[in-house]
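Let's start with one chain on its own, the form predicted on its own, as structure tokens.
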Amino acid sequence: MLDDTKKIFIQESEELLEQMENALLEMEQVPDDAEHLNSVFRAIHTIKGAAGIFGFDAIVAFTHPVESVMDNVRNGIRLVDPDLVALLLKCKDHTANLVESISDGQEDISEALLEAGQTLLDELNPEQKSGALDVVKNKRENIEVSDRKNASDDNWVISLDFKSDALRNGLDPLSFINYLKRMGEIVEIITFTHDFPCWEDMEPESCYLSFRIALLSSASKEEIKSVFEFAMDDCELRIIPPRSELEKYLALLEELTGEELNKLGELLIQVGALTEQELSNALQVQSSVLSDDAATQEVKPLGEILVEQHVVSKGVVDKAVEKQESIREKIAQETQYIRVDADRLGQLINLVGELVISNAAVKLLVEKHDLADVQEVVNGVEGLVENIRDHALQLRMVQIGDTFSRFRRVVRDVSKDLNKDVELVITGGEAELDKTVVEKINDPLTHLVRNSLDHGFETPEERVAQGKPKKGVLRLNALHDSGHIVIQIADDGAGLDTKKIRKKAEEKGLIYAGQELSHREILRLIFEPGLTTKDTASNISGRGVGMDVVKRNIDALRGSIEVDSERGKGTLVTIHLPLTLAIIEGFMVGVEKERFVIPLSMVEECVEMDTNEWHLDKNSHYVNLRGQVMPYIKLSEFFGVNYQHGRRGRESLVVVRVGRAKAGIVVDRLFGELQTVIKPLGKVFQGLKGVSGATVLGSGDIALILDVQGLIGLASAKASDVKTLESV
């Protein structure tokens, strides 16, 4: 798509070529008319100069020899005859073809067109071959009109046409051009003299000058326009911004966060793409159509008028219209929402929880008394309760993207303090989870981000020396996974030094020398209290306080945290969190008369004891399930349940998974799925291992909700301890 500066060149070239053709036709009749001769010269000279500003080298290479011939005619070196006029008309047509090729958006002029131009130039000046074709071919490889003109795409182009009364009103065109030098560097000036009348008709007090000025400046459009503030009534002014300025307008429009719907003109003025005067002129054009006859003439949109007047690029207008539409949609969406007090919403969730419990109690009574005629009604109510539960929980769901966005400032400030260059990339911000979870995860995420910036990333010099990009990348990502939200914090930094972690852990007495640990187990040591790999503490990290708190806070949310790292390549921290802390789908199991609930999203499968698919190794506390070995824990042993008369029920294995960690839980009975309203434990039971909360059953009994993450950790530790003792 052509930019506005090229459009102006094409439009004005077409007008000049038409004037040139008319003058040449008159020259056939009156060869000695100096006015027509000057008109042809001015037209070809102006086209050549403008083409030079815009870097259209093929047009410059062709029109320059034609201009030289016309200069010889003016100086009496060459006479005008019908053959010369015919050749000049062909040159005019060829110039029109060159301009047309530009309007079609062709980057290179075709070989056929170049050769046709060379043939014309050879006929025009047979005694001296111009070599224009070779010049253009060479310039394709290294275009060089002048060193400064190559930067024309980043110049302001000012189209300045003075009216005939400008001089009578005391204006000096040269003073305005001189004042522009204060704004920047004037790269090129083309003076248009094609409006000059013949000398006999020329009035000394009238102004016939027009200018096209290429200005290299950091000034804004409004500042450049202010130079001509007092001459607006005596000139026609168009200011075409450079390419870099257009990109700035587009970026500003993208960043606009309007609270109210602004008009198109106001948006364009707000970003600096339009001046008040330009808007006023366009509105006058629009209103003049309305006042003439709105029934017979189509009223053009303001944006279309601005583009036609070449004061704003079509791309900028389209972007402004798009921003208008997005603001309109945002306002429409906001009218659909009402603010609700968080405490009232919490009360609603609590009442929904009580409704779930009461419905479960009614269901039990119906089953106990075998009230078949009521069963259908109860089932219907149960469905409604589930819908109410889901919608009530949805009210408290918020996108995590707002939380992620807060870390842009953290990354900027901390990386600057550490003399590091780090870019934050956010993905998955549309993932939703409970507002209470979002509030409680902010502090752990802040610590992990700051820790990554301090420990993870190298300095720019170190990264370059290692063959890495100078700028590091920190990624925050969120996604849903089987009833959980997964948050990932990844960096492409130095990675964790497992040897150093192990050494520090041995010094702290967390492990003993020679103890066998896998790569993942060593990485997990960073969550131990007091362990840090930094030799000196800073105001950001290095005191060994924080990662253990991060894990404890995430555990309190019934979540899990894992670390993967490869030396020299980076680190990935993965957090799994439940979507809500209020009501979940649970899976109820039993040991003797006790009831326990496992979050259903963590249950992979259940296997009966009397099958041959699994085998318990009571000595090493591992279970082999169809060739897959995993640690296990028996709830009866863990909670010290005493069986009546020493009898045990048929045992079952419930396979649970949190992230990539899996384990087996051996229970006596499987009761199936259950809507579970989570109740917090009292202070007396808050330190109870393997339990994260409780729920009230329909019968009024209490069932403990298992802390699956904690149980997997305990089972793994127990199996590891047995393995270690056996090796000793």
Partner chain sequence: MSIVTRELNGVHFFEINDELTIYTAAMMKQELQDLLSKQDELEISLEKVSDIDSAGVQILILLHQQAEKKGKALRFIKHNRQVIDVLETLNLEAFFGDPIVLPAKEFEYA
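Numbering follows the first chain given and starts at 1. Predicted, not measured: the structure shown is a model, and the values here were computed from it.
Not on display, but discussed next: the form predicted in complex with its partner chain.
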**Report entry** Selected contact from Leu124, Ile426, Val321, Ile189, since only one has a non-hydrogen atom within 4.5 angstroms of its partner chain in the predicted complex
**Finding:** Ile189
Report task. Tell me, out of Arg409, Lys181, His369, Lys499, which residue has a non-hydrogen atom within 4.5 angstroms of its partner chain in the predicted complex. Result -> Lys181
Query - Distance check, Glu205 to its partner chain in the predicted complex, heavy atom within 4.5 Å - result: yes
Report task. Report whether the minimum heavy atom distance between Asn38 and its partner chain in the predicted complex is within 4.5 Å. Result -> yes
Query raised in the report: Taking the shortest heavy atom distance, is Tyr512 within 4.5 Å of its partner chain in the predicted complex?
Result: no
Query raised in the report: Can you check whether Pro173 is within 4.5 Å of its partner chain in the predicted complex, heavy atom basis?
Result: yes
Report task. Choose from 521-529, 206-214, 357-365, 622-630 the stretch whose residues reach within 4.5 Å of its partner chain in the predicted complex, heavy atoms counted. Result -> 206-214
Query raised in the report: Would its partner chain be touched by all three of Arg74, Leu167 and Glu200 in the predicted complex, meaning a heavy atom each within 4.5 Å?
Result: yes
Report summary line: Those residues of 588-603 with a non-hydrogen atom no more than 4.5 Å from its partner chain in the predicted complex are none
